[in-house]
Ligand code: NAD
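A single chain comes next, written as structure tokens; it is the form predicted on its own.
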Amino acid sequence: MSRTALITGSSSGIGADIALKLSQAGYKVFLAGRNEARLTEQAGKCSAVGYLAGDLNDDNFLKELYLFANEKLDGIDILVNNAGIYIWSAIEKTDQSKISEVFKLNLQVPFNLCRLVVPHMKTKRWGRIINIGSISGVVGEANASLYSASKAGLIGLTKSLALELAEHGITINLVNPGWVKTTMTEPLFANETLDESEQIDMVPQRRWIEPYEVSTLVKYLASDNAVGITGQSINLCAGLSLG
């Protein structure tokens, strides 16, 4: 029986690679993201059963996404909470409106999607929830306290739900990538908000994490072989978390 997966933030970068990897492994995938043109292109690449473009911070869109994806997939077996937003700003310069925006997309949306998909998983007595966090949520990042705090919240959510759902055959894990060059991070280097060479110098392996590394790990965590792994916060960061 073919299992099904909903991947948020899957129009580009890490999410797009996850969608492709899961599709190649035989899963039916449904994509969600903001950019409809990129979603259309990506859906073709990974033979997605469907996709929906919109803003996950819009409660109405979130409900529409769940209902549409659930209908197309006939129940969601695997949820990958990948969508997120990164804010680089000194705390005193951080706009008040960004607080609710970042916490909602990075933490509240994953919580609500988990809440929606768990009943089906409990019925099947099988499910996989994989959250995409950040190494910044593990070790902290200067001038990214809002982002770091929201991603740290995913650690608590993952551990708590793992305990709550273990007896139902559902696992939930968190992958914390280090620096990955994507459409979310590239502008920071392009406009010299961050110095690329300085960032690389802080990484023990002196390299960026590649999207395929994240998607390969996600594919494993979604498999039956990973049944004993739950509640874990896995750092995929080329040694960055070691200090």
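Quick note: we count residues from 1 along the sequence shown, nothing fancier. This one's a predicted model, so the numbers in the text were calculated from it and none came from an experiment.
Only in words, not in the display: the form predicted in complex with the named molecule, which the text now covers.
Although the partner is absent here, residue 14 lies within 4.5 Å of the named molecule in the predicted bound form, judged by heavy atoms. Not displayed here, the named molecule is kept clear of residue 113 by more than 4.5 Å at the level of heavy atoms in the predicted bound form. Using a 4.5 angstroms threshold between heavy atoms, residue 196 stays clear of the named molecule in the predicted bound form. Taking non-hydrogen atoms only, residue 180 approaches the named molecule to within 4.5 angstroms in the predicted bound form.
Checked against the named molecule in the predicted bound form, the candidates 162, 152, 105, 146 yield a single residue with a heavy atom inside 4.5 Å, and that residue is 105. Of the residues given (118, 85, 157, 138), 85 alone sits with a heavy atom within 4.5 Å of the named molecule in the predicted bound form. Note that among 198 to 206, 27 to 35, 66 to 74, 41 to 49, the stretch whose heavy atoms approach the named molecule to within 4.5 Å in the predicted bound form is 27 to 35. In the predicted bound form, the named molecule lies within 4.5 angstroms of at least one heavy atom of each of the following residues of 101 to 133: 105, 132, 133, in sequence order.
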